[in-house]
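First, one chain by itself in structure tokens, the form predicted on its own.
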Amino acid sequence: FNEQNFIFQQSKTKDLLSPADLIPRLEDALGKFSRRDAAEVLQPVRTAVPLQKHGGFMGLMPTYMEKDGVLSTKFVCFYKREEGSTLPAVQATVVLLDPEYGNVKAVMDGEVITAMRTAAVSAISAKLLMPPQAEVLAILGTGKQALSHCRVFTEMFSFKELRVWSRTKEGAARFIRSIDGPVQGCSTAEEAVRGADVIVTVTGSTQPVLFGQWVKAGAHVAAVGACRPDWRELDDVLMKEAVVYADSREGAMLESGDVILSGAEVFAELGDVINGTKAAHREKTTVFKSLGMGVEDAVSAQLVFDRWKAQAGKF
């Protein structure tokens, strides 16, 4: 590689990315995306190529931010793994390019970026939509996204109680060992979410694991899994009773089984709330359906690159 082309492996990316720095940039990017100004954000809906033999998909997520001079794409492979599989469910790489010359500036391991920006956007949804004085956080799932969500949410908010549920005792035990502070492991998803003010679903499920009859009125749900049109985490009752928000309306209508199969209406994008064009209905039960967007990867990758340049004294 020449002096303007770098590989950022997982450890380096993690050192250069923090929620405190990332969240303001993501809020700005979400607002820009929802204004639909092509000079601010050009981002097509993710292209998904089936990997039928392996039970997965390759997603391509390009983004161009003309005014900010940011051009990037993420390649992400995601799979529906059998329970107990040792193979990764998600693998990702983010490429940052020079928009004028077209050359690659940096290649970054996408695992940290994907985990961090997804959790940060979910935390933004909670900041905007969760009930005042929220005290109980419940997390369904115990994988890498569950860990990143736990760390970002507990850094941003002061919950008095944290609950977690996993399909397996091993998963719950591993999660609890990885977290600093008290965590209540729950034997059922219902036990975890009953009375919770904020619920995060980060599972690999293709069928509902969270049911509306369990959810406290006025609670906020950040639904992160089920990123295919025939996959679900939430049941019809919850989707139809809640006010539904998304990162991208187009993405939700094309990719989210929770939205498509329930027939629920997407009330607004998070960017609409940030821009002040749609209301944040904190007094009602709310669902944020997260699909993930290229612009989130773009600003995260640019932040990593900018911080590296500042530390290295480059350019």
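Here the structure is a predicted model, which is why all the values come from computation and not from measurement. Note that residue numbering follows the sequence shown and begins at 1.
Quick note: we don't show the form predicted in complex with a small molecule, though the next part is all about it.
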(message) Residue-level question: is residue 123 within 4.5 Å of the small molecule in the model of the complex, judged on heavy atoms?
(response) no
(message) When the contact criterion is heavy atoms within 4.5 Å, does residue 202 count as touching the small molecule in the model of the complex?
(response) yes
(request) Tell me, yes or no, whether residue 224 is in contact with the small molecule in the model of the complex, where a contact means a heavy atom of each within 4.5 Å. (result) yes
(message) Is it the case that residue 214, even though its partner is missing from this view, gets within 4.5 Å of the small molecule in the model of the complex, heavy atoms only?
(response) no
(message) 33, 63 and 300 - do all three of these have some heavy atom no more than 4.5 Å from the small molecule in the model of the complex?
(response) no
(request) Please pick, from 127, 151, 105, 144, the one residue with any non-hydrogen atom lying within 4.5 angstroms of the small molecule in the model of the complex. (result) 144
(message) Just to confirm, with a 4.5 Å cut-off on non-hydrogen atoms, which of 90, 186, 242, 96 contacts the small molecule in the model of the complex?
(response) 90
(request) Would you mind picking out the stretch of 178 to 186, 160 to 168, 234 to 242, 192 to 200 that comes within 4.5 angstroms of the small molecule in the model of the complex, counting non-hydrogen atoms? (result) 160 to 168
